[in-house]
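Structure 1 and structure 2 below are two forms of the same protein chain, each written out on its own as structure tokens.
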Structure 1
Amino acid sequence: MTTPPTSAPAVADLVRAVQQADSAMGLLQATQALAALAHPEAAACLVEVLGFNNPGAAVAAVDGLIAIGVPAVDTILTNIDGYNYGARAWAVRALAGIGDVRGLEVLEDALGKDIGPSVRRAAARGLGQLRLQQLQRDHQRLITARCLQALVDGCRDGEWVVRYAVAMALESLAPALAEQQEQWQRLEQALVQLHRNPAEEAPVVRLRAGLALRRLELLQPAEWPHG
């Protein structure tokens, strides 16, 4: 038996439900329903939800955008909200989750210059997980070098949560640098500094860098206090 196409809720109906939601819970449920379709035509509406100051709905919208994936990237990039850093953080999270290299410049800028720590944190994470498999080797090297440079600079960020995200991102970037000795050593050095920095105010940052070093087999188990 085949399901007639009319039984699936049409994107337009679900978009209308999001736009007409009159409570926080209503918005959350409508956004979840729209996100579940993972349909490219839902992207514009999901991007709009990022600016509604409803964290639950924003989580659902980000999940939806990541599920749509590459076809959502243009919509996200053309609608980055310069005035609302909450919305920008969610947009950067979506870009980070999709991992499309067209987001590289936005991620670099965000980590280096954005005033919102939540934006810088999401950008750091994204710089560790761009999808490079389809690219030619030279292009890959160019991009990973830019990611590494941005993350090395991010080690000096003033907010602990950004330094934490940088530690995690360095770990996830590492496999892409495995065959480039010089870059690998820079990455290792950055993690070692995060791990051993006596001026670090947040012990959790040192712990996270230590975990990264241990997972990359750059650290003896004895140096990990919670082994």
Structure 2
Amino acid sequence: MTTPPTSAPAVADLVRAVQQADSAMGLLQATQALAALAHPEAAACLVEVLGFNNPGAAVAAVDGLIAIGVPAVDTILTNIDGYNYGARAWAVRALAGIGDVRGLEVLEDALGKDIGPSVRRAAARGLGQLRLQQLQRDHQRLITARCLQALVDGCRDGEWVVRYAVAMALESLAPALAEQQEQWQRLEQALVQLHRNPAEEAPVVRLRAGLALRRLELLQPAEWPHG
């Protein structure tokens, strides 16, 4: 037996509950209920919640937008508030979790420029897990090249949590480069530098990069030279 789709009136009722919430707890609970529907018609309200000064509700809204997935991307991109740092930071997290290539420019910008380490970390992870399977090969190559460049630059980030995320993202990106020897070697060299950097203050970054390198050995074509 299949579950019937959520009706528009039910979504409208929950949107109204979010809009009429008169306390922080009430907003959190209403947002959680709306997010749980994962209905595309909830996306606009969930994006609006990202701009409220309620971190708990924002987390719930991000989870809801990620659950909605691709249908939420246009709404997020259209409503990113350049004057509300908090809203933009939460939007980056949502786009990273969804993995749609339309969020690429926002993720690139966030990794390179955002003032918040947690936002840069989310952007790095997002760049490593964009959904590329449905793209034509030429478009796929263009997207992966941009992701790789942003992550290579991210290896120099001043915060170890971001560099750790970059190491993870480089590993995640690697399968998409399996037919691109030059790009693969750039990725491998970036991991080697993270692994062997004597100035690295966080041993966990070197360890994570080393783990990625060992895993990449299982994927790399035997005829390619190692970095």
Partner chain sequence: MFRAMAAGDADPSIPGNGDPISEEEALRRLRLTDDPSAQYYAAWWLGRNRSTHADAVPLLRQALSQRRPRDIGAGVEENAVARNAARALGKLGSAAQAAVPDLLATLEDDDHGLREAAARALGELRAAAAVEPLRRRLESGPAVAGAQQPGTPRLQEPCEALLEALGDIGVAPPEVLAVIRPFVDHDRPLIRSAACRALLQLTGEAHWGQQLVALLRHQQLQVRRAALMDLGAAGWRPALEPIASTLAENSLKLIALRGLVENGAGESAAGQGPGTMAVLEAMDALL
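Structure 1's sequence is the ruler for residue numbers, which start at 1. All values derive from a computational prediction rather than experimental measurement. Throughout, rigid core stands for the largest set of C-alpha atoms superposing within 1.5 Å between the two forms.
Student: Of these two, which one is the form predicted on its own?
Tutor: Structure 2, which is the form predicted on its own, differs in this respect from structure 1.
Student: Of G154, G64, G103, L170, which is at the hinge where one rigid part rotates against the other between structure 1 and structure 2?
Tutor: For the motion described, the hinge option is G103.
Student: So how many degrees does the small rigid bit swing against the big one between structure 1 and structure 2?
Tutor: The computed domain rotation is 14 degrees.
Student: After lining up the core, report the Cα displacement of E48 between structure 1 and structure 2 in Å, one decimal place.
Tutor: E48 C-alpha displacement between structure 1 and structure 2, core-aligned: 3.4 Å.
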